[in-house]
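Each of the two blocks below gives one form of the same protein chain as structure tokens; they are labelled structure 1 and structure 2.
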Structure 1
Amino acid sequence: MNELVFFINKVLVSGSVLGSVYALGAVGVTLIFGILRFAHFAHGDMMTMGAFVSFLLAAAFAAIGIQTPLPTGFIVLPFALPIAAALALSIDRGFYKPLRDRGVRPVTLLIASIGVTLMIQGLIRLFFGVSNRSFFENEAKEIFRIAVIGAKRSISFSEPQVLLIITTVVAVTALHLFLTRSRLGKGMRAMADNADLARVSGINTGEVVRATWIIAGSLACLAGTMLALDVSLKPDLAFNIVLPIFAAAIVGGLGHPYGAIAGGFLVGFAETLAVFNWSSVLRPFKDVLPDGWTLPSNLSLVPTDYKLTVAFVILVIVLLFRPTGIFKGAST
């Protein structure tokens, strides 16, 4: 049983946490790509920016003296999301829309998004310094432990991790309902499919673009805040995972929100499984091994240092062999 608990802690829990963050980020990337046809490289920094917005709000809440059983960083989300959405809209207004209006190629927009990345990162470092910060300076991070009969270790996960998975499920369901039930959501899907046809059919494409930035901005803020709650807040929080997020979006097929969610979990689990040390799970079978076989102490697929590299390798392989995503044909 010890081995099973170890497996659940190391793979199931951390894989779902990582997968949720990737999924939330990848949905934003994929929506922007579907509507505006460019790879929005600044998405990682929009996540970091969102996390810092929540951090400031949490500090304000703490200063007023609002205390709840839930982490303050989570409580402020209803206020942080609109702010992040407004920031995303103004970034589009200030940097992308003027270029779009001039009719530049998508490549130029990609370069512009790198400019935006650098500006956001420079400003965050300027105002907050480069040190690590924690949402849990004034409150305790609760850790749940579920004791398993017959095991010395217990299944353990922290409060932010539970909240992260719950909010991911809620956000994904809400997005699904929006895309399938609402007029705007249907318009969004139509525009992702064929922008010209959507325009002729009377869909207000400007409105769709704004909706895209609002959704992408709030999802980025959500993902960034939840990630910062789980680990810690630093200026390169999400810049480092922007490529795994792109990997997730590409695995699912750029432009397909459902694919992005699946891709996020796929990449997250692939990373945790690849560095998982299988010999600890195989230990109970030590006695049944044939004579002369010994179990090596480390039996992971790749060394732990290469955890993020797994995502890059998946990214490159999928791009080379299935550039339209692995679910090609399955999604509409």
Structure 2
Amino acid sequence: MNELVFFINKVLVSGSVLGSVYALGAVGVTLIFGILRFAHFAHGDMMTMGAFVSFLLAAAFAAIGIQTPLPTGFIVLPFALPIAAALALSIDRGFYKPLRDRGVRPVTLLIASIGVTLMIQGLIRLFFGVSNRSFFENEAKEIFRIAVIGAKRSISFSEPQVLLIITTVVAVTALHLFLTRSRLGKGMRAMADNADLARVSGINTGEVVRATWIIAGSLACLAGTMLALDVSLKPDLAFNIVLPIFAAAIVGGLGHPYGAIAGGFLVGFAETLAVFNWSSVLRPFKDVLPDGWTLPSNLSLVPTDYKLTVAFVILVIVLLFRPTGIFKGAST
């Protein structure tokens, strides 16, 4: 039972947390690609920017003495999301819209997004420095433990991890209802399918673009804040996971929100399974090994330092055998 509990903690819990972060990030990436047809590489730094917005609001709450039953970084999200959405709209208006108005090619917008990435990183380092910060400097991170009969270990997960998974479910459900029930959501789907046809059909494409940036900015803030609550807040919080997020979006099907969700969890669990030390669960079977065989102390498929390569292995396989992704998104 100890081995089973260890597997649950290291694979099921960790995979669900990582998959939730990837899914939230990949949905924002795929919405921008589906509507505007360019890969927004600054999305990871928008996640970091949103996390710092939440951090400032949480610090303001603590400064005026507001006590909350849940982590303050989570409580301030209703205030942080509109700010992050406004910042996303400002980035589009200041950098991308002038280029779109000139009719530039998508590759030019992609290069511009790399410049936006460097700008956001520089501004964050300028105003906040390069040191790590924590949402739990003035409050404790609660850990939940579930005892398992016959096991010395217990299934454990933190309060931010629970909130992250619940928030992901709520956000995905809300996005589904918006895309399928609202007029604006249907307009976004129509524009993603055929922008020219949507335009001549009378759909307000400018409104659709603004809605896309509002949703993408809000989801980036949500993902970044929940990730920072689980680990720590630093200037390159999401920079190192932006490539797995893109891999998740492509694997699921670029331009397809539901594919992004599936791709996020697929990549998240694949990375977790790849770095998991399988010797820990195979140890009870060491007595049945042939003579002369020993069970290595570390039997992970990929060293932890190379976990990011898992996403690209999956990406290459998908591009070779199913280039449009699981849900047949836009051509990659």
Partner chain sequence: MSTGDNRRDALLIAGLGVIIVGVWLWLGSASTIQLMVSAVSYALIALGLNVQWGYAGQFNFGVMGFLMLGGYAVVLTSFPVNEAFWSSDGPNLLGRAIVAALLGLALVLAAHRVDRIGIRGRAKVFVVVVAYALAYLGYRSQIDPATVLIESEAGFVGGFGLHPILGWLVGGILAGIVAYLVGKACLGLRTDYLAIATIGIAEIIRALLKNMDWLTRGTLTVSPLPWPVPTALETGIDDATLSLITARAGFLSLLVVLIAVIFVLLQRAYAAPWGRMMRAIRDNHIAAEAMGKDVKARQLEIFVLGAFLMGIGGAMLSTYVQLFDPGGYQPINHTFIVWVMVIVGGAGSNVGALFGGVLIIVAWNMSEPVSRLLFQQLDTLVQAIGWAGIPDVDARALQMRVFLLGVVITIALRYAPRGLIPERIRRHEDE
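The structure displayed is predicted, hence computed values, not measured ones. Here, a residue number simply tells you its place in the sequence of structure 1, counted from 1. Basically, rigid core = biggest C-alpha set you can superpose within 1.5 Å across the two forms.
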| property | result |
| --- | --- |
| Number assigned to the form predicted alone in this pair | 2 |
| Displaced residue check between structure 1 and structure 2: Val11, CA, 2 Å or over, core reference | no |
| Angstrom displacement of the CA atom of Val316 between structure 1 and structure 2, core fixed | 3.4 |
